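In structure tokens, one chain follows: the form predicted alone.
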Amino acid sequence: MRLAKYLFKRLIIVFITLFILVSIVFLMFRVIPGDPVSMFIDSGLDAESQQLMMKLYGLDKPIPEQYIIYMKNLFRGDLGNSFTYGKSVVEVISERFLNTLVLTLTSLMIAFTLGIKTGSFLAWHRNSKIDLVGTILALIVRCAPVFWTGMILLSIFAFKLEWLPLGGMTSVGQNFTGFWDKILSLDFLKHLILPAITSALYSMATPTLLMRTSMLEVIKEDYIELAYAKGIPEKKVRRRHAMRTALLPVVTIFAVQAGLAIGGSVLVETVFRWPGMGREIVLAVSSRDYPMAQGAFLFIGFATIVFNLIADVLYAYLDPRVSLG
């Protein structure tokens, strides 16, 4: 009952946050300096044609009226049509979001799997040279710009060694019958390796350092000493007793990292020409595809809010110490 009440309160906050997000995105493209026509209507058109375009897209109306129309369309799931693709923004975004989701979840699985094991190992060898070097390396990789890391990997494995593709999601000429047929193909996996590793290296520091800190707290507990007193081997003590307890904060931070990774995928997708949400925003802004840019911002913001909600609920469910009031 308390968890249901907590969830209800969190959902109210989510709806308020979404309303603010939608309002900011709406105003962001309309209050910038200059004529809004210049954002998405070819300046080469004559004045009469530009006025017709503004009337067609409802930009000749006052901003409050535009806002009401925009909200009504949004509740119907209508984000308009893309100027670049000539089809529904929702249709284009749905495909791009799946591409981003595959890349994000793959990179996070790599980052958290390696981060949990590395953080546990460093904590078990605390105050040693291995611990010091590992912690410093984790911070260095985290501080390195993700686009720089991506270009380094591209220059080594794509340009010099020619082991992996230069970019994109599939090779030219490849035909697939469906989404699952595509992502399970060897060609797709080859294209996924470099962007996934680049994103994973950037994200790995968080679970590594968090797991290390959590483990350092756990290994001080009495039940760890009791396990040793029972004669349980060190590896089993670390895996079955210490790691399982220390995993709680790491598991809950996964959802937060997923939201951040989706929102921060712009650089990785641009460097590797990955047709996802991040790259689509860059293309939409550069080509002045106003509905697509607006829809992409909304979609990424919504995904980030949902993943943060999952993190809050998961933490409250797994950790009884969290106040549900």
Partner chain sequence: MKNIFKLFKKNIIGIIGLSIFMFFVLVAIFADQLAPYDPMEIQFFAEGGVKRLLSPSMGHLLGTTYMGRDIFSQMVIGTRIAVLVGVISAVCVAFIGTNIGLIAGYFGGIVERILMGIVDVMYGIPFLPFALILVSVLGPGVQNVILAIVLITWRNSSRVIRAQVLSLKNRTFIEAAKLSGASDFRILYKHIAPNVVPVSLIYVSTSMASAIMSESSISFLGLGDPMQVSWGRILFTCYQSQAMFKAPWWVLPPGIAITLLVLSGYMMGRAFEEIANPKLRER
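Positions refer to the first chain, counted from 1. Quantities reported herein were computed from a predicted structural model and do not represent experimental measurements.
Not pictured, yet referred to below: the form predicted in complex with the partner chain.
Taking Asp78, Glu95, Asp187, Glu217 one by one, only a single residue has any non-hydrogen atom within 4.5 Å of the partner chain in the model of the complex, and it is Glu217. The contact with the partner chain in the model of the complex, taken as any heavy atom within 4.5 Å, belongs to Leu154 out of Leu154, Leu248, Ile110, Leu101. A residue is said to contact a partner when one of its heavy atoms sits within 4.5 Å of a partner heavy atom; Ile140 meets this definition for the partner chain in the model of the complex.
Contact between Leu21 and the partner chain in the model of the complex is found at the 4.5 Å heavy atom cutoff. Using a 4.5 angstroms limit between non-hydrogen atoms, Lys235 is distant from the partner chain in the model of the complex. Though the partner is left out of this view, Ile281 does reach within 4.5 Å of the partner chain in the model of the complex, counting heavy atoms only. In the model of the complex, every residue of the candidate spot (Ala144, Leu166 and Tyr290) has a heavy atom lying within 4.5 Å of the partner chain.
Of the candidate stretches 101-109, 154-162, 78-86, 177-185, only 154-162 has residues whose heavy atoms lie within 4.5 Å of the partner chain in the model of the complex. Taking the partner chain as positioned in the model of the complex, none of the residues of 78-100 brings a heavy atom within 4.5 Å of it.
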